[in-house]
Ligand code: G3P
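Shown below, as structure tokens, is a lone chain in the form predicted alone; questions about how it binds or moves come after it.
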């Protein structure tokens, strides 16, 4: 399974990259908004420059989301974003207009990530349009008393049935168990907030064992 970090924070991306397990980055307008210090003066040029900085840190897919609702505008914006770096992946919402844009990009060699996916039919359409990644948002489904991981299972099964090459990128991850369940189902990618990445290596028995080892290490003379 590939690990992406779900953030726009350069500090978090650097910290996760230093762990040696980071394969890529996903961003979205909400994540960008969290790191903008002066919203009134943050321009589209600033946004593109920020994406370029992320690409300098991580050698892997970097998802940059379009911020318009019309297919022709998504295409124009996406082509501009794709020109930033070869690793940029264009995130398009799974709407009728988004599907048109995804099909255009896939036909022209531009990688895409179909985002805001909440049903297996949306995921099937994304694969048929040629998306490189599909992003089911499991945490948001859990928030409305729906089993988000069941959606992942359905998508993995459908893609396996027909040999679709679209990678299942599990998004809106809230805790380590989401990562475990996604891995057990055979999802290709988990995009994880830094706070959750930090928890993946933690276990109280590791802490207790290490404390005891360090205590007993006092009898070993240098």
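Everything quoted here is computed from the prediction, not taken from an experiment. Numbering follows the first chain given and starts at 1.
One more form of this protein exists, namely the form predicted together with the named molecule; it is left out here, but the text below deals with it.
- Site accessibility, open: after C-alpha superposition of the site, the named molecule as positioned in the predicted complex shows no atom within 2.4 Å of the backbone or C-beta atoms of the displayed chain.
- Residues within 4.5 angstroms of the named molecule in the predicted complex, judged by any non-hydrogen atom, belong to 168-176 and to none of the other stretches in 181-189, 150-158, 43-51, 168-176.
- For the chain shown alone, residue 140 is a contact residue for the named molecule in the predicted complex, at least one non-hydrogen atom being within 4.5 angstroms.
- Residues of 1-16 placing a heavy atom within 4.5 Å of the named molecule in the predicted complex: 6 alone.
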